[in-house]
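Only one chain is shown below, in structure tokens, and it's the form predicted alone.
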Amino acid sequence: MTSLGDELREQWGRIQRMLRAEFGETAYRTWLRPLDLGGLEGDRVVITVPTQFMRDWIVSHYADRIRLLWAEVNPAVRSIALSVRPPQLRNAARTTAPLTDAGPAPAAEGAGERASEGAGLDELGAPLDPRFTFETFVVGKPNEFAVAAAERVAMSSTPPFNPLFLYGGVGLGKTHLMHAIGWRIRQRDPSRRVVYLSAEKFMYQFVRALRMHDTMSFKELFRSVDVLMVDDVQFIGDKNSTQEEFFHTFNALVDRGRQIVISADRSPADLSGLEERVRSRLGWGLVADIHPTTYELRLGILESKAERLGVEVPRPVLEFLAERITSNVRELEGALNRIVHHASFSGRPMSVEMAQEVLRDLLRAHERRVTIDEIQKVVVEHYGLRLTDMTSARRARAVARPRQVAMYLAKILTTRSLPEIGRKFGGRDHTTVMHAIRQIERLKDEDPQLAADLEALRRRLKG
């Protein structure tokens, strides 16, 4: 293995800074900061981790991204290897600052919290991410109810509903809202003891207390908080002893008038593996779901992110990302970070073409397969026709033009051949399909309304 050189250390430092910017302070400090650079073996970089559990987590969640960043920073690196540090090196590795730490963490608000919280509560939860506030949360139709509920909790001295249960898919803003609640409460009343942690950390703390035969301190510490926020509660399913302790902690806090905020990837009724009494308690208060983002909301999020980065991103690039990255906000912001970093390192101007090149792997994963049946259904709904009009012999312009639009969309959004498309439109000849495609290509440059219709239909089918 090649020994660590200054150039390799500097490259690892750049990569860690990019990881920190892309995944956020909490994920960075929990999973990425403990990584150490081991060395170079040919075209493979070796990275060491403290435990096997952390290695498995990094492999599942971050390894592909780390490999891609290495390839950007140093094209000679083609792969990475993750190895667990020997036990005797784990403490030594953490007694000094990491070789390439990305600098001090941003100062957290509420640093003057009362001393009675002490080291116990600091260790109990995870730090609040200073980026995740109500001011930086972009509100739209899919999340406005959840935001209103979160603000109500944050502005109330006593629980308006208990618990507040936020649920939705990955990367839609649940964690952001929980951090925002924590910051707002600390701003309004620094004396209130706010603890945010993942369900995974709750389990870890409880198991550690069991091993140390100190469950009484665990119970007292958790039940002394004023606001308890537990993220991703679905992960305590099938852990009976942890469920039992969570249930009793929940009841104790509610009985004392303390606020509880819970998040999960599905509603309480749909959480498999949880006891019925636990599911029932989780649904006691207000259940607020966060729906998948719309194109308009995604565009607003990107504009806000670019503004926070202090970078001028061309409008077509933002529109391209909003249209193509539809799964969750985390990936959307990560995609923008990748483009901004690539432009910074390469000196190339940001453009749609550059975005397509840099995000090739991500775009491929998001490529949605559209069917001709879907296209026909969406087109007839848009123009107020019947589905049979797509296959009929009617040649009236009010029917023929939408039919040509559908054929054109079938050509650009599917991999079907012209004869296959023709068969789906009432057995028409491939020359008829070709004529329709050419007609629409010509008219869309002359007719603004047709161009707008095509764009709206394409977004609906791809989103």
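Everything quoted here is computed from the prediction, not taken from an experiment. Counting begins at 1, following the sequence as shown.
The same protein also has a form predicted together with a small molecule, omitted here; what follows describes it.
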query	finding
Contact flag, R85 vs the small molecule in the predicted complex, heavy atom cut 4.5 Å	no
Contact of R330 with the small molecule in the predicted complex (heavy atom, 4.5 Å)	yes
F137 within 4.5 Å of the small molecule in the predicted complex, heavy atoms	yes
Partner proximity in the predicted complex: A252 to the small molecule, non-hydrogen atom cutoff 4.5 Å	no
Which of 371 to 379, 175 to 183, 273 to 281, 350 to 358 lines the interface with the small molecule in the predicted complex (heavy atom within 4.5 Å)	175 to 183
Candidate from G171, P190, P130, P292 lying within 4.5 Å of the small molecule in the predicted complex - any heavy atom	G171
I301, A150, I236, L336 - the one with a heavy atom within 4.5 Å of the small molecule in the predicted complex	I301
Pair S304/H61, Cα separation in the predicted complex versus the displayed form, closer or farther by 3 angstroms or more	closer
Note on L359-Y62 C-alpha separation in the predicted complex, which departs from the shown form by 3 angstroms or more	farther
